[in-house]
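Just the one chain here, the form predicted alone, laid out as structure tokens.
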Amino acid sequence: MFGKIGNEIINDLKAIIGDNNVITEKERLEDYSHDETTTPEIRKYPAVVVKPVSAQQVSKIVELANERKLPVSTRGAGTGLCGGCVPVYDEIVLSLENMNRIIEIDRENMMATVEAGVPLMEFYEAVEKEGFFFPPHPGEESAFIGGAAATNAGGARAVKHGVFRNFIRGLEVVLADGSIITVGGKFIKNSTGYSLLNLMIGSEGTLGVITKVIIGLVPPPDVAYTLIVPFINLHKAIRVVPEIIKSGIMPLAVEFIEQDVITLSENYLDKKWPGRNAGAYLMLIVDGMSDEVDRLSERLAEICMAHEAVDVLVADNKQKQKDIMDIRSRIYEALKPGLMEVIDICVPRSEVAVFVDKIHEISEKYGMWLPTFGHAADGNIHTHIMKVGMKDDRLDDKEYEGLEEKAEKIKEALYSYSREVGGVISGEHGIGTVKKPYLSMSLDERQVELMKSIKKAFDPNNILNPGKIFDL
């Protein structure tokens, strides 16, 4: 199917980008053999890793690969959770870590132009320094801009402002034949033909290599408050969310979290969450002008208390807010030692409470702990299929019996039910290889056929991230 990557190819790659930017030593290839997915079956060493410094170098590498029919996987920071950047075959892994320049922050147009290898944390700092705000926050700030664009990353702050797609104005992309195209640009409206821009966003590196991104920015809010609202149980917490949205208030974020995972994350970080002894919490972030945020916070408190909230706690300074967000953002790391797989189903927000009830029902049926939290107002639900349970506020060291068989039945049940309620199998993590077997449980056959046709049109030799999303 594909050509062999031997010494001749490696020498050709070195001629393009220099010896120092080509990695072949096995101990150094280890870092490129996996992402953050806990599924061990997807781990695979690349044949070679290349680290270009420009779109022109990327173009020459991809052109060579296409001529010789060599598979290429593009890699950002490797923070993904679906195996999207992990090679399936003996591949060239094209790492964009050296393409890490913030090229421009255009104050007049309120847009930034950055290379694909810029980490989010550096981008946030640069944007804030220039007096702007970039709302999307996928959670893992070490992720690269290019990877976030390639997966259409979302995160907690998608409720009010949307996901990455809503802020990407233009892309520079290297296609499978090595040609370089620019789609979109520094403008807002565009009805000029098909939107190749939106086709590239979320394509997981299967249609082209994103090398540069133009991103829209917004003015920063005057102030932001984080509200922690404890409830007796998760069902009561989620039931209040539609009432919040119907009230006309659109928070920056609305998260639901149960106490057990909060406790794990507290212990992991040695930090304390506001409030104790509740079954579950809503975490609400409200931003805007100072007087407006005060008024909205008071109204949110009234709505929550009218719907059986135990209390409403307000974090109105940055340190308290940071501690809260750290505990929320690091739950995955606290769970990871006992984690088998995390799934990120997205359903209509009216179905979140019903779907979480279904998760609890399945958890009881199979006798497995399925810690679940997520973005209540956008319907994105993160369910963690665990190898172990909890014991004395810590992860147990004893694995469940019949783990593999039970885990498969749980995934099939949840994916099937997500379709019944009008949802999809991934809201923000992507498909990659981990969710590929379940794509047909979310999309009908005709949709998948159309996607395959698009893939063949862009990449006739199937060299770009082959084996991801679907098989050709």
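Everything numeric here is computed off the predicted structure, so don't read it as measured data. One rule holds for the numbers: they count along the sequence shown, beginning at 1.
Heads up, the form predicted together with a small molecule isn't pictured, but that's what we're talking about next.
Stretch-level contact analysis of 151 to 159, 357 to 365, 216 to 224, 315 to 323 against the small molecule in the predicted complex, using heavy atoms and a 4.5 Å limit, identifies 151 to 159. For the candidate spot formed by Phe231, Glu258 and Val388, no residue has a non-hydrogen atom within 4.5 angstroms of the small molecule in the predicted complex. Contact with the small molecule in the predicted complex, defined as a heavy atom within 4.5 Å, holds for exactly one of Glu91, Asp378, Asp287, Glu140, namely Glu140. Remark: Leu96 counts among the residues lining the small molecule in the predicted complex, judged by a heavy atom distance of 4.5 Å or less. Of the heavy atoms in Val254, none are within 4.5 Å of the small molecule in the predicted complex. In the predicted complex, none of the heavy atoms of Ile168 sits within 4.5 Å of a heavy atom of the small molecule. Although the partner is absent here, Gly205 sits close enough that one of its heavy atoms falls within 4.5 Å of the small molecule in the predicted complex.
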